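The data below hold one chain only, encoded as structure tokens and taken in the form predicted on its own.
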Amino acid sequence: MIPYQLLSGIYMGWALGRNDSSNIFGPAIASKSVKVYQAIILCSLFVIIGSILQGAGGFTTIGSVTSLTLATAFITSLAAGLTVTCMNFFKLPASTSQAIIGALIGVAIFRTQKIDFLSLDKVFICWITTPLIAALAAYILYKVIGFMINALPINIFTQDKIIRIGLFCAGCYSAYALGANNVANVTGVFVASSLLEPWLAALIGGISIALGVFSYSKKVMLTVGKRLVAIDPYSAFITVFAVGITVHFFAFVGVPVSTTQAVIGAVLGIGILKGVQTINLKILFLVVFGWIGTPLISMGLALGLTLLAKLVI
């Protein structure tokens, strides 16, 4: 029988998959290069593989922020999951990494527990550099791969076919990187509270994220893929590839980061190449608001849920 505390983690995984799958295949779908059902199947499969093979790296970082019990682990995941769901409801891209960290801080503040600020400094630095690295990766990839494709003695139809195949491959790679990097956001608190072993946490977390992928968020996909900057199949390929490289890099670092921030950075990197005037500044403002609001909302929910639990119990 599944411990009831783990239900909030499964819910968090569902919310993560629903939110972040749009970041992985959203640009491809926005460019009409990949069909929705194809994206769902591929993203679900590779996110589970990434979680199992490489997902345990971020558990240490999540567990080092503050000490957790089963009760506080339950509240942390529930608060983070509710935050991501609310942000999606208002069509705002949300960072699951920021949501879980905000919830952890909220629980620690209420219980007057020690917070490891050295771990938080590392996390904050990674958050700041995520969109910058993604933008740089997209900028370089756009020029280098474009040069390589144009140098090939092939016609435009063959070029288009190569780009679309590249989109499929980049999407699968990015889904793998999503599982490897972000599964710690789902079940890391349950490893820290000694409910789950890392291998089991990676498996359950990966499956939970895959369940969320099947609840595909088209509204969020359009925000990060199409409405922020006009996107064509080649730009979509570069965006997804840059996101995969960025998120996978931080999986090796052991810090869960936001695929939302990565995809926005990548799209903006391409937007700079095409001209700043192609960027939708209104949508960019909403995205930035989501980045700031996500940890604050999650922290507030965690504080409120902890207080409620204390009053009831």
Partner chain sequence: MNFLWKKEKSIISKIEQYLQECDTCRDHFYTCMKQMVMKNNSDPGNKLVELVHESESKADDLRREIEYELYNKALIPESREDILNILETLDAIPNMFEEICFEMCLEKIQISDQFKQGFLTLVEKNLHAFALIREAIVGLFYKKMDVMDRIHRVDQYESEVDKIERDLIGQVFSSKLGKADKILLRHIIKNIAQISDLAQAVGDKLTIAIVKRRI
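Between two forms, the rigid core is defined as the largest C-alpha subset superposing within 1.5 Å. Positions refer to the first chain, counted from 1. Everything quoted here is computed from the prediction, not taken from an experiment.
Omitted from view is the form predicted together with its partner chain, to which the following refers.
Enquirer: Please tell me whether any heavy atom belonging to Lys161 falls inside 4.5 Å of a heavy atom of its partner chain, as the geometry stands in the model of the complex.
Expert: Because a heavy atom of Lys161 falls inside 4.5 Å of its partner chain in the model of the complex, the answer is yes.
Enquirer: Hey, in the model of the complex, is Phe168 touching its partner chain, heavy atoms inside 4.5 Å?
Expert: Taking the distances in the model of the complex, the answer for Phe168 is yes, it comes within 4.5 Å of its partner chain.
Enquirer: Ser33 versus its partner chain, in the model of the complex: is there a non-hydrogen atom within 4.5 Å?
Expert: Yes, Ser33 sits close enough to its partner chain in the model of the complex that at least one of its heavy atoms falls within 4.5 Å.
Enquirer: Can any non-hydrogen atom of Leu152 be found within 4.5 angstroms of its partner chain in the model of the complex?
Expert: Yes, contact at 4.5 Å.
Enquirer: Among the candidate stretches 263-271, 56-64, 23-31, 43-51, which one is within 4.5 Å of its partner chain in the model of the complex when only heavy atoms are counted?
Expert: Selected stretch: 23-31.
Enquirer: With its partner chain left out of view, choose which of Tyr176, Phe74, Trp127, Tyr142 has a non-hydrogen atom within 4.5 angstroms of it in the model of the complex.
Expert: Here the answer is residue option Tyr142.
Enquirer: Can you name the residues of 36-65 that have a non-hydrogen atom within 4.5 angstroms of its partner chain in the model of the complex?
Expert: If the 4.5 Å heavy-atom criterion is applied to its partner chain in the model of the complex, 36-65 yields only Gln38.
Enquirer: Answer yes if the CA of Gly26 moves 2 Å or more between the shown form and the other one after aligning the rigid core, and no otherwise.
Expert: Yes, the C-alpha moves 2 Å or more.
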